[in-house]
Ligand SMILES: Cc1cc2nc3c(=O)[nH]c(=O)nc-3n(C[C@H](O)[C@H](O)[C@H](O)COP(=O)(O)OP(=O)(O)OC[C@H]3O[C@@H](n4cnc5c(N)ncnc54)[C@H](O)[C@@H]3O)c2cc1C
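Coming up is one lone chain in structure tokens, specifically the form predicted alone.
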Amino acid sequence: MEKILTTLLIFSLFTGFLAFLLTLAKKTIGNYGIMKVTINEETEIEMEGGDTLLSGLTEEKIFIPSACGGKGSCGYCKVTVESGGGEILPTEFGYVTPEERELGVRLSCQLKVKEPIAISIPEELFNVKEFHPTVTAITDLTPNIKHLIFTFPQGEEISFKAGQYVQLRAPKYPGNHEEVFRAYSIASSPTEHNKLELIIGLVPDGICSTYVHKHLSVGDEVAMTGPYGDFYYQESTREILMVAAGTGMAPILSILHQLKAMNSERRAIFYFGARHEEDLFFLERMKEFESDLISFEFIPSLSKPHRETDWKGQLGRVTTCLQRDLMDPCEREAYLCGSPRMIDSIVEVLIEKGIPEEFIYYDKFS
């Protein structure tokens, strides 16, 4: 026992000494002072030298998309560096293409500001805000998918385009020792500014989805930032083709709300893919949209219906349905939301069918 205690004491003294050295190094060798960051040639902020660009921007309430919370594992937090910033790091190679490197694109979560730096970011990111709404309803849609309604406090409103997303913060909870942000598409109408709906599926070992499914309750206040994203409804006269599976229904719902608010008469078809009957949801809502929108049709399709089922709807993957059903697609535009693999296969079908690539809009998520 004495030997064990002695070993623990030596180990504690050693780790404490290392921590002291690291702190001392940060205050001396790693002390870069206050650094200036110039944004889009006109906005200047100051941040602590040596901190990541992402954290410095967040401190100034400039929210760059980051689904992994700054760990360099999502590749969302890209900015274009005009000057300064040093060489791109090996940790960025997997997320920044050679073409982007030529343009100066970097991951802001990996870039530590050690000298004055000038960057460019999309102007719309200046409109991204932090919100603190309260959960006012949670409903189980399937065993693994929940529908949540958030209500904003008086004086706080959100404006977004149908199809965009927000980032929800998962705080620390039993079994999770870090705060993370995760991106979720908005499912509600862009005409409603004091409430917001999300559809969130449970991801195995997912920090944020576990927080939502296992720990979040009605009445809880949450933190979220947004809106983000360049996937949103486009005004035109082309017929609309929408395809989604699972929680990918969320941005499509928001687009349908937009069409309803506009009393749109555009021809629109929504293919929704699911494996089994129990994976389908919001069927009544879809009927209401079919009633409210004179040119809208909802087509659910099951890829693996149960043998004993009396399902009389479409069968097969949505790609099979599209190959079978899609006629005269040239005057259409498509909105797709689902996994990268699903999106890639659908885009291939649509291009083969003749939909111009520039009219195929998609939101890939994993």
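Counting begins at 1, following the sequence as shown. Because the structure is a prediction, the values reported are computed rather than measured.
In what follows, reference is made to the form predicted together with the ligand, a form of this protein that is not presented.
J.: To test your reading of this chain, name the stretch in 118-126, 202-210, 82-90, 153-161 whose heavy atoms come within 4.5 Å of the ligand in the predicted bound form.
T.: Of the options, only 202-210 has residues within 4.5 Å of the partner.
J.: Would you mind picking the one in 281, 76, 289, 232 that has a heavy atom within 4.5 Å of the ligand in the predicted bound form?
T.: For this set of options, the contacting one is 76.
J.: Between the options 148, 259, 183, 141, which residue brings a heavy atom to within 4.5 Å of the ligand in the predicted bound form?
T.: Exactly one listed residue reaches within 4.5 Å, namely 183.
J.: I'd like to check something about residue 271: if you look in the predicted bound form, is any of its heavy atoms closer than or equal to 4.5 Å to a heavy atom of the ligand?
T.: No, residue 271 sits far enough from the ligand in the predicted bound form that none of its heavy atoms falls within 4.5 Å.
J.: Is residue 71 close to the ligand in the predicted bound form, meaning a heavy atom pair under 4.5 Å apart or at it?
T.: Answer yes; at least one heavy atom of residue 71 falls within 4.5 Å of the ligand in the predicted bound form.
J.: With the partner left out here, check for me: in the predicted bound form, does some heavy atom of residue 255 sit within 4.5 Å of the ligand?
T.: Residue 255: no contact with the ligand in the predicted bound form.
J.: With the cut-off set at 4.5 Å between non-hydrogen atoms, does residue 113 touch the ligand in the predicted bound form?
T.: The answer is no: residue 113 has no heavy atom within 4.5 Å of the ligand.
J.: Along 138-171, which positions have a non-hydrogen atom within 4.5 Å of the ligand in the predicted bound form?
T.: Contacts from 138-171: just 165.
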